Every structure is written in structure tokens, then in C-alpha cells.
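Let's start with one chain on its own, the form predicted alone, as C-alpha cells.
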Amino acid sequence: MRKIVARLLRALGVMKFDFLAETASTFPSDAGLAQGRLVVVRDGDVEKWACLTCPGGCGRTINLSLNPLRRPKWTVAIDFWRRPTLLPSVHQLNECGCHFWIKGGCIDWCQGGRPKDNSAMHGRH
């Protein structure tokens, strides 16, 4: 229900976000991972992975380890409206080359980290 209200508030210009988070017990399929969806894969109370589609437009699935014993590792915090904050930044080393933060559900592009042909997330918030 919160996601519906959040999307309505975004449509009205009251709220900004590029990503909303949800949790799952298994990895989402590439086809099931739509733009703007960040899936936290959990096993019981343990957060294992954060999965999203690259916002740079290449369409690649990005799976980030949330396991504190692994390197590299990320942390994710989700606010009331399901907007994720992901730390540290994400830097794609493929041809996309994008480098960004996700803060409060919004993409914050690092200097020089926005792909030139990015059309997926321009102007969404």
C-alpha cells in the first residue's frame, strides 16, 4: 500500500525517488527486476543481497553483497516509504561505466559517473 501512495505522491510532485525497495527470499529473475525496483534478498533476519537494474541504461542486473563478512559489501537502509539508501556508491566497471549513490531512493550521480546515453533515469525525480 505504501508503494502505491509513494508513487501517487511522486506523480503529484510531492515526493522524489528513483527506486523503491522490497524484500524477497530468493534472487529476482532479470525479467522480474524492473527499473526503479531494488530487491533486498533476505534469509530470515539476515540481509544477503541488494539487487537492482543498472540505472545507467545498460540493463545489467547489479547484485551487491550485504554480507558484513564479505568484501566489497554494501549496507541498505529503507525509510517508511520504502525508499532505499545504499552505501557505499556503486561503480559499474562494464561498458556502462556509471558511478552513482542511491540516497533516499534517488540516484545521485558521481562526477563523471553518468553514462552519456542514459535515458532510463533522466528527469524521473
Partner chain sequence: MTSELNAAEAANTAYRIRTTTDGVTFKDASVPDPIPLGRQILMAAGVRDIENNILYAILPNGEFEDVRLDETYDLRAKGTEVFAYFESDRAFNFTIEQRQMSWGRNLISGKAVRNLAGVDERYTIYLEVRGGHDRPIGDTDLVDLSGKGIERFITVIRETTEGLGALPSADRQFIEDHGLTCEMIADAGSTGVVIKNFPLPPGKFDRDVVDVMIQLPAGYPDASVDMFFTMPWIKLKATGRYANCADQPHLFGGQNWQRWSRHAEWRAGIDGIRTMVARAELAFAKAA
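Small disclaimer: the values here were computed from a predicted structure and weren't measured. Residue numbers count along the first chain shown, from 1.
Here the subject shifts to the form predicted together with its partner chain, a form of this protein not shown in this document.
In the predicted complex, its partner chain sits within 4.5 Å of a heavy atom belonging to residue 101. Though the partner is left out of this view, residue 40 does not reach within 4.5 Å of its partner chain in the predicted complex, counting heavy atoms only. In the predicted complex, its partner chain sits beyond 4.5 Å of every heavy atom of residue 81. Interface residue remark: residue 35 is not counted as part of the site for its partner chain in the predicted complex, having no heavy atom within 4.5 Å. Annotation for 44-69: interface residues with its partner chain in the predicted complex are 46, 47, 48, 49, 60, 62, 63, 64, 66, 67, 68, 69 [heavy atom within 4.5 Å].
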